[in-house]
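Below, in structure tokens: the form predicted alone, a single chain.
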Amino acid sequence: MTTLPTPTTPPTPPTPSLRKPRGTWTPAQIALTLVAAALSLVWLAPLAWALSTSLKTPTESVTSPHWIPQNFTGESWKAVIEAGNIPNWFVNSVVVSVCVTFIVLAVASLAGYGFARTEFRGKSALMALTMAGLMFSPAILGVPLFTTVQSLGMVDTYWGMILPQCAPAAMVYILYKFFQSLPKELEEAAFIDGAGRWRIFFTIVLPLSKPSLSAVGIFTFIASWNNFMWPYMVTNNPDLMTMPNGIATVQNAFGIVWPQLMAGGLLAGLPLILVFVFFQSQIVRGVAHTGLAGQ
């Protein structure tokens, strides 16, 4: 007796998923968008005005204010570039800012982790002394720092511009707050597995700290690039000038000629604009992870 095969039903095709229609904007979202757009215009207006002025002739720049130049010209940009050693100043700024950034990241991460996770005699006093550095303006420390650098023979050198910018009390505090927020259970488990303090720091703590380290690095780079006073005090060699100092020298040579002034300012600030455009997500994530968002 033969058994007939049971017929198989064909598989039913999957039903296509329907895209959920986008909901309408709430009044709160509309209000926040309008506020963000207004703030964006406020921040972009000076840059747009500087670019517009740099493309005007000197005579047109002092006439009645108007946004669109009547006669577009790039003579101001050409004059600024020809009057100064822009490539050399740019390299100097990159060298100083990058070195300051790496040293600050190393010092701030080690100090912040030490304050957050280790116990030693005098910890509270040393932490208070570090935080006291936030109360003093860099202008107040200019003369003592210059005297120290001069006694060490570092005037007109890269190290004379770099090292005095590597005392990062604010960055130590930012990373200290972040390290405090990390769960101690991760380190305790690593201790049980036989890991030492240095191994835990380099293999567990630092990988978890990438957002905060990115934010600290970007903020330090921007602050070092914009630093005008200290490089101006510690160097007289035109070949060691940074971008802000070199552009200021060129502007002083022109006098009050608004197109050249605006072109020089945009040249000095262009790298920072590019840094913010390409690293804005890291900045936002870093601020959200530093523990300062609600303070």
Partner chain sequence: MSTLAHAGTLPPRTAVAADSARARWGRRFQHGGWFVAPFFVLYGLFVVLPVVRGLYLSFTDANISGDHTGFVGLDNYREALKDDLVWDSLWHSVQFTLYVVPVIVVAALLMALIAHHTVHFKWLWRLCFFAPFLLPSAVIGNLWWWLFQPTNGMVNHVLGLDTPWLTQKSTAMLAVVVATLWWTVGFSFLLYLAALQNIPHHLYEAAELDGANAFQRMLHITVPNLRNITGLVFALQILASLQVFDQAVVMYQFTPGPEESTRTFVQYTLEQGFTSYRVGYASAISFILFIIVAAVALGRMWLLRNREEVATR
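Because the structure is a prediction, the values reported are computed rather than measured. Positions refer to the first chain, counted from 1. Between two forms, the rigid core is defined as the largest C-alpha subset superposing within 1.5 Å.
The protein also exists as the form predicted together with the partner chain; that form is not presented, and the subsequent description refers to it.
message: Against the partner chain in the predicted bound form, would residue 126 count as a contact residue? Criterion: heavy atoms within 4.5 Å.
response: Yes.
Any non-hydrogen atom of residue 268 within 4.5 angstroms of the partner chain in the predicted bound form: Heavy-atom contact with the partner chain at 4.5 Å: present for residue 268.
- request: Tell me, yes or no, whether residue 95 is in contact with the partner chain in the predicted bound form, where a contact means a heavy atom of each within 4.5 Å.
  value: No, residue 95 stays farther than 4.5 Å from the partner chain in the predicted bound form.
- prompt: Would residue 69 count as touching the partner chain in the predicted bound form under a 4.5 Å heavy atom rule?
  reply: Contact check for residue 69: no, nothing within 4.5 Å of the partner chain in the predicted bound form.
message: Check for me whether the partner chain, as it appears in the predicted bound form, comes within 4.5 angstroms of all of 110, 148 and 283 - heavy atoms only.
response: Judged in the predicted bound form, 110, 148 and 283 all sit within 4.5 Å of the partner chain.
message: Under a 4.5 angstroms heavy atom criterion, identify the one residue in 81, 105, 163, 208 near the partner chain in the predicted bound form.
response: Of 81, 105, 163, 208, the residue with a heavy atom within 4.5 Å of the partner chain in the predicted bound form is 163.
- request: Any residue of 137 to 157 with a heavy atom within 4.5 Å of the partner chain in the predicted bound form counts; write them all down in order.
  value: Heavy-atom contacts within 4.5 Å come from 137, 139, 140, 141, 143, 144, 145, 146, 147, 148, 149, 150, 151, 152, 154.
message: Superposed on the rigid core, does the Cα of residue 46 end up 2 angstroms or more away between this form and the one not shown?
response: True for residue 46: a C-alpha shift of 2 Å or more.
query: Honestly, after the rigid core fit, is residue 243 moving at least 2 Å at Cα between this form and the one not shown?
result: Comparing forms between this form and the one not shown, the residue 243 CA shifts below 2 Å.
query: Is the C-alpha displacement of residue 67 equal to or greater than 2 Å between this form and the one not shown once the rigid core has been superposed?
result: Where the cores coincide, residue 67 still shows a C-alpha shift between this form and the one not shown that is 2 Å or more.
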